[in-house]
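Take a look at this single chain, the form predicted on its own, given in structure tokens.
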């Protein structure tokens, strides 16, 4: 079945070397959709619904693997840009559904790379598309439609940003249960969109399994995302995650969310040489259980009322600054969905690993930026260095089979 054509010697603070990220040419031509998986296919696996008011990969439980790829659009017109979004949508729909690729015919390039075998498993794949502030420049006439708080990611105190690893017109967050699934999806999208976008930066991540139980651990050995708001609470997600139109926000944003990505390098050679007591005081939690220092279990709420002067959980501990548990701070909560990364070693032979901090929030200023400002100069900054990322806006979901990502923005 052929798809019809549619219209890319060191101190803690100077540890970082200049590792450059390679770019790959990508982007819009027609491709071939696989046949949807059926009961007779050899590789049935978990699939998340592609259509809905919101995109996959936001409230979806974190899969084991992820690829973050930011892209610069090279399409020459608004019409071509719309064609690009249609192509991303149709390719993502096919990949996340899974199935058997069609026979492309004798002499034609194969319909699929074959990385996953003759039957493409859905394998828990989600593909989340977000737009950056630069897409709303004068190329496509979209300036008046820019989400009100979307902008180039600023440098916060203690950042060490490499601008080659920041921002972008588009961001694709590709997550799945296995690495070959996410890499296959990246290849198929780049093939389908050749000529309309090009990779700006890329970072691959992984989500550690619970060890031994509870939330997964980051590469500093501490549990990550313990205090996340419940994704099962619809009213809470409406308040904290989904952006609403009206006031200063354009009409098309309903169902979308401000998508923050921060590539945070962990200076693990130094971190691993300090005592457990110092590590736990920096975070305000126990490393083994994840419990706050005032509690015994991971999900215990820190008791700041019983510790007003920081005798147990220091006043500048990470958890106390990030979430002081006040009524005001409750409205600033973010939905975290981060991944660990390991990029090998830098030019100086130092380990290059850390966290792809990811969060979704209804209001960038009220939530993420406010929290980040509170964290300025916290003790943890001696052991981490934000080096890249960006602000993006996760597009509203695809409502039905005729809908496509970005339609309300572009029509």
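Numbering follows the first chain given and starts at 1. Fair warning: this is a prediction, and the values are worked out from it, not measured in the lab.
Omitted here: the form predicted in complex with ligand HEM. The next part is about that form.
In summary, the region of this chain contacting ligand HEM in the predicted complex, judged by heavy atoms within 4.5 Å and restricted to 323 to 331, 170 to 178, 142 to 150, 184 to 192, corresponds to 323 to 331. Think of it this way: in the predicted complex, ligand HEM has a heavy atom of just one of 318, 86, 202, 207 within 4.5 Å, and the residue is 318. The contact with ligand HEM in the predicted complex, taken as any heavy atom within 4.5 Å, belongs to 355 out of 355, 47, 64, 59. By the 4.5 Å heavy atom rule, the three marked residues 223, 266 and 336 all count as contacting ligand HEM in the predicted complex. With a 4.5 Å cutoff on heavy atoms, residue 100 does not count as touching ligand HEM in the predicted complex; it lies far away. The shortest heavy atom separation between residue 161 and ligand HEM in the predicted complex exceeds 4.5 Å. None of the heavy atoms of residue 312 is located within 4.5 Å of ligand HEM in the predicted complex. At the 4.5 Å threshold, heavy atoms of residue 258 stay clear of ligand HEM in the predicted complex, well away from it.
Annotation for 370 to 407: interface residues with ligand HEM in the predicted complex are 371, 372, 375, 380, 384 [heavy atom within 4.5 Å].
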